[in-house]
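To begin, one chain is listed below as structure tokens, in the form predicted alone.
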């Protein structure tokens, strides 16, 4: 599996999709100039823009690398040569997943370092009203990476049931949009305002809330921007949620992929 992880990471660096997405990272050095457009809270704006750009880049990487990795291997007949070796399909699938996941973590670390330099420059020129809580910023970047690793597991699952890249790409995007809003929908249907909905609609919304991945649980931007204290219990629970949910998705993906006909 480690060889597949290594080959996956090396292949990503040669991927044109990665090169195109990497161009968005060139906007990070421009953030100090853009942040000055705000008359107040310049540092907070720089943190917001930095974290939002990092999140957007990781989203693109998770969707396009996760959604096209298996498909491109099968299109190029690379899968057949690999599976002819003494290696199981499950090992191959997990190697691909962990390779892309490792790359997401590396990208998050590099972009997080660049963002910290950007925020330090802005904070030095425009001292904020409240001190920058660096631990919150670093955790926010890390949990953004965790969020998109979970999204990557969704993309891998879609890739095992599709013969083209359309379902993995658009299915993953749809899952991300729905999963990002599931918490707000759940809160609404269980509020006093949501009592106007029919019981069937509320039950369906509740069922989808527990079935679909809850990506909003990984969003720590408010804590990073305004220095809001983080809950240790909440952090541990979110990590456990990631591990369990990703394990379930990958288990289902492995079962489907092991039974799939290779043509």
Partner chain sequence: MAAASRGWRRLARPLAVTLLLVVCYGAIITPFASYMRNKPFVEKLGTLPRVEVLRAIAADQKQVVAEGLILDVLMYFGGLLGKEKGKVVVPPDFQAMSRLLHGAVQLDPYNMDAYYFAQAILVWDVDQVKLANNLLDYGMKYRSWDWYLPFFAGFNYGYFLKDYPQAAKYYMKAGELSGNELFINLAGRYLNESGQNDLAIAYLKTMAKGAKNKVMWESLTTRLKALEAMRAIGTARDAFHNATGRLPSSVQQLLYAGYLQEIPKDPYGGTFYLAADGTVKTTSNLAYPVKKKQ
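Residue numbers count along the first chain shown, from 1. Predicted model only: the values in this text are computed from it and were never measured.
Missing here is the form predicted in complex with its partner chain; even so, the following discussion is about that form.
Asker: Which of these stretches, 219 to 227, 25 to 33, 234 to 242, 206 to 214, has heavy atoms within 4.5 Å of its partner chain in the predicted bound form?
Answerer: Of the stretches listed, the one contacting the partner is 219 to 227.
Asker: Hey, in the predicted bound form, does residue 52 get a heavy atom within 4.5 angstroms of its partner chain?
Answerer: Yes, residue 52 sits close enough to its partner chain in the predicted bound form that at least one of its heavy atoms falls within 4.5 Å.
Asker: If you check in the predicted bound form, is residue 60 within 4.5 Å of its partner chain, heavy atoms only?
Answerer: No.
Asker: Residue-level question: is residue 180 within 4.5 Å of its partner chain in the predicted bound form, judged on heavy atoms?
Answerer: Residue 180 belongs to the contact set for its partner chain.
Asker: Would residue 165 sit within 4.5 Å of its partner chain in the predicted bound form, counting heavy atoms only?
Answerer: Looking in the predicted bound form, residue contacts with its partner chain do not include residue 165, since no heavy atom lies within 4.5 Å.
Asker: Give me the residue from 103, 146, 176, 158 that has a heavy atom within 4.5 Å of its partner chain in the predicted bound form.
Answerer: The residue in contact is 176.
Asker: Answer with one of 138, 98, 126, 186: the residue that has a non-hydrogen atom within 4.5 Å of its partner chain in the predicted bound form.
Answerer: After the contact test, the surviving option is 126.
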